[in-house]
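Take a look at the structure tokens below, where one protein chain is shown in two forms, each on its own, as structure 1 and structure 2.
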Structure 1
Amino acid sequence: MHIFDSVQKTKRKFTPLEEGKVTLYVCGPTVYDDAHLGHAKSALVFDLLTRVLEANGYTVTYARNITDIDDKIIKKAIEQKKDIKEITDFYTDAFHTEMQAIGVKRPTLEPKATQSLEAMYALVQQLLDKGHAYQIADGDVYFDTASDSKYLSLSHRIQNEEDKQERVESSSFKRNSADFALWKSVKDDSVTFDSPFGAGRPGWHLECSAMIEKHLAYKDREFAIDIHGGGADLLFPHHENEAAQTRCATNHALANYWMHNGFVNIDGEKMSKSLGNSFFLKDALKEYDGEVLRFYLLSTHYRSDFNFNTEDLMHSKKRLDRLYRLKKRLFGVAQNEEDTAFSKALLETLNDDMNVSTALALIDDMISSANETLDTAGKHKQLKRETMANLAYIEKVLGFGLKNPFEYFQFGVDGATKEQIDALIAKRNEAKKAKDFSLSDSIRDEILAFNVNLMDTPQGTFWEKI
């Protein structure tokens, strides 16, 4: 398996720190608002990475943090006159629900900032003790970037005076303009935490380093973890500062491999709240099936910027529809998980830095070939068994095709209508059982009036939206 390392800017053969095991950390959401398509893209990328690693036989310990201490959270709580925890719990639950809708599996660990304060205090104290941090008169604690000879070695950038290092206004008493806050002193009556450095709140970058050391880090290795991931916008300053903190506090590097996914653009324009085009995932899920969104958002290589537009999404949906039509064609054939030439080729392709474009092309070819053979005379038992194995492997590694193929084509029909149709199908089945075929045909016509197709199969009666 080869991974493109964002720091070394080259593909590297993946070799874990411990044979058969992988430690992965990805920066998670700050839970003060709904998840947008950028959050979805990043979560999907590292869900796919986890699946590919597991398909290679690795045991993956995957941690993704929840930032539930932040000035934006506090601001929203004040605006809505709610408790901080009420805000963070609501958006954390919403995030989980929406991630589940697009097939993102929960990580192994999901530490929260509020649960990791002791680890943060310990890290700050280590940096103070080693001379890599200093506390100014008002109580703020800063990381001394001049004390770290390797600072900026991650992002390979030249520090500019205007580079912003904090989400809140920084102190004029910093030694260097590049120094960033480890602990921000708070002296008003807003949300604070008691620490050895006084009342305040942790800096933006502190929690990830502390959580990695607490939950994942190899203490006696050159690197704390195997892979650190996140969006491309986090490389600087967030990941640069994380790396500096860990390196200076613990004498080991933070991660052996760094992976960053590209930005999401909306109709060719970079997505941002300031532009008013921050497309919330919850809104997209009202319009499109979660699996369609998953397929579409993963259809472009993870390192490329992704341009979200309706035309491309509908083209992507048609590709996924073809997979489900093949699955519907094989409905009732026994499940099978044997290795096939296709599954080996698919994994080999994904092992090349998750080359999803070629992987999807392989799937298209497999579907076309299977349909072509199934269109000819014969029972094709061997082909059906292998195709079922191929579909099962796609489900496992890519997370597509998990649904009942008939239910997949019901998207867009509201719950009340589904209940009506299902009730009519039950009545029709009773009429057929009683050999009242006139009533049965009458009910069938009533069902078809909902603009659906009805299919009687050995496994039961199913319907789909036309």
Structure 2
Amino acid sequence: MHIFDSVQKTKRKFTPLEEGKVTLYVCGPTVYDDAHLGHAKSALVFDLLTRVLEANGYTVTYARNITDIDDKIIKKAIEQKKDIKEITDFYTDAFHTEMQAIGVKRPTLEPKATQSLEAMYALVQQLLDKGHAYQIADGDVYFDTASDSKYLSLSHRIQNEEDKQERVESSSFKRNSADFALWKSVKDDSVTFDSPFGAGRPGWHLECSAMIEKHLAYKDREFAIDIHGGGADLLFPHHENEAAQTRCATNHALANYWMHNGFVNIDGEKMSKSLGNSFFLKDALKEYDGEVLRFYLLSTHYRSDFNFNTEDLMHSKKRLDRLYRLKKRLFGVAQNEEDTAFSKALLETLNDDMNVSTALALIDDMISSANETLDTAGKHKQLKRETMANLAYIEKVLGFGLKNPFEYFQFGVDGATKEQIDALIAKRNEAKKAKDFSLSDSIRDEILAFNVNLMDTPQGTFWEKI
């Protein structure tokens, strides 16, 4: 398997630190609001990565944190006059529900910031002891970026004159302008934690390093973990700072490979509150099947920026429809999980830095040739068995095609409407039997008014929501 390392900026062969095992850490959500399509994209990308790694035989330990200490959470709690935990529990549950709806499996570990405070204190203490951090008069603890010769090596940034100027101007608290807070002292009685450095709250970069040390890190290796992932925006400053903390506090670097997924834009615009509800996952899920969203969001390369729009989404859905129509044709055929030439080829292309586009082309080809054979007369026992295996592999590795194919095509149609449609179909079939085609066609138009397409097949008449 090869993955693109966004720090070395090159595709590298993946070699785990420990044979057969992979440790993966991805920055998860701050639970103060609903998940948007960008959260979905990131979760989907690393869900896919996990599946591909597992398909290669690795045992993956995947940790994705829940940030439940944050100024925005506190702000929301005050605004809504609610308990902090009430807010964070609510959005954590919502996150889980929505991720499940788009087929994202739960990570192995989901550490919460509130449960990792001891690990954070330990990390800050190590940094203080080693002279990589300092505490100022009002209690804040800062990371001393000047003490880390490798600072900015991750994001390849260069400290320029402007920064140095700024440094002089705002030199009242921090030694260098780039220094970031490890611990923020809080004097009021809002939300504080009693640390060895006084009452306050952790800096936002600290959490990830601490959790990795506590839950994932190899103690005796050059790197704490194999792969660290997140959104493209996190490379700087978040990951840069994480890497600096870990490098300076412990005897190892943070991660061997860094992976960053591209951004989701909506109709060419960067996501923002001004776009209203259009970017919340929960709202998209009201309109579209979660698997359609999964398929669409994963249909282009994970590193590219993604322009979300409903027109492309519908076009993408038509591609997934083909998969489900083949499933309909094979409905009732026994499950099968044998290896096939197709599954081998599929994994091979996914192993190339998760080339989903080529994988989809392989799937389209597989579907076409299966349909072609099925269209011809005769028994197709062997083909059906293999195709079932191919479909099962697609389900396992890509997470597409998990639903009942008939239900898939009935998304968003309520029970009463279904009964009406079924009744109309029965009426139409009688008209057809009597060769009253003008009546049967007018019934079809009636059904079409529900946005429902009819298909007459040897197995009977089926319908699909358009």
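Take the two forms, superpose them, and find the largest set of C-alpha atoms that agree within 1.5 Å; that set is the rigid core. Sequence positions of structure 1, starting at 1, serve as the residue numbers. Keep in mind that this is a model prediction, so the values were computed, not measured.
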Q: Pick out the form predicted in complex with the RNA: structure 1 or structure 2.
A: 2
Q. Which one of E337, I78, Q100, F411 sits right at the hinge when the rigid parts move between structures 1 and 2?
A. F411
Q. Across the change between structures 1 and 2, how many whole degrees of rotation does the smaller rigid part show against the larger?
A. 46
Q: Once the rigid core is superposed, tell me how far the Cα of L454 moves between structures 1 and 2, in Å to one decimal.
A: 9.3
Q. T417: how far does its C-alpha move between structures 1 and 2, core aligned, in angstrom?
A. 5.2
